[in-house]
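Listed next as structure tokens is one chain, alone, in the form predicted alone.
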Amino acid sequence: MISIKSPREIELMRIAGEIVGDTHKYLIPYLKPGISTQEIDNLARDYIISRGATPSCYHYEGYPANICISINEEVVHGIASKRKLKDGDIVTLDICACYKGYHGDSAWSYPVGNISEEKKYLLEHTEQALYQGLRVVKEGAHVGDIGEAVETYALEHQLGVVKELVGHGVGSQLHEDPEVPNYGKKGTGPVLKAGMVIAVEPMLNLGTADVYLLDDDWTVVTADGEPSAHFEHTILVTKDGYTILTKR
């Protein structure tokens, strides 16, 4: 069931989203060659807790880390470890925080040191695909409008659109209805209404759209080993547009 959030719920989600956005800003200076993903995870955990929230990902359906950290060909759900970032990597931080029972969720992909022109292209156009999807959001639009906008932009830029993973509603649960795919047809899917809160999150690959799950049962990687990028905001649908709750 798709829920319309009350003013109280929206305010709590605004705070949760602010904490998520601030966690991203806090971590950016640390994203340099030589830092381990476990160190990044620890920093994120401590910062989220210092803001009076808890990491939503920790033990979510058994997930063993505080945030998801995915490198290069890892699309989503990479698990913190002793692995260190290297010059030329791209790293995605998918950060979720729960504040007084309500969640914020935002992923962003970052360059580590000096990255290739191909990776710069991937980051630029995956981020732009997110905003192309957001551009069509307003009361009365359809979820399919978002998917079509994202997919059209991605295909125009020769990027693979991951279809096995989608955006979603956000609220007192980290993942709620409706699903928000990064592909679709205009005028299809649930109708957006003011007061709905959704996460829009293009996951685009430099090569094939095909992905598979690693043996850890969490990390999803590209089938051809080419890099992937992931950009996500939690937004509030309004009468004439949207408000980003996870501003960075």
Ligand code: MF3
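Quick note: we count residues from 1 along the sequence shown, nothing fancier. Small disclaimer: the values here were computed from a predicted structure and weren't measured.
The next section is about a form of this same protein that is not shown, the form predicted together with this ligand.
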Check whether residue 146 has any heavy atom within 4.5 Å of a heavy atom of this ligand in the predicted bound form, and answer yes or no. no
Against this ligand in the predicted bound form, would residue 201 count as a contact residue? Criterion: heavy atoms within 4.5 Å. yes
Even though the partner isn't displayed, in the predicted bound form is residue 96 close enough to this ligand, meaning a heavy atom within 4.5 Å? yes
Any non-hydrogen atom of residue 174 within 4.5 angstroms of this ligand in the predicted bound form: yes
Would you check whether this ligand, in the predicted bound form, lies within 4.5 angstroms of a non-hydrogen atom from each of 60, 68 and 168? yes
Looking at 174-182, 109-117, 123-131, 153-161, which stretch has residues with any non-hydrogen atom within 4.5 Å of this ligand in the predicted bound form? 174-182
With the partner left out here, which residues of 75-92 have a non-hydrogen atom within 4.5 Å of this ligand in the predicted bound form? 77
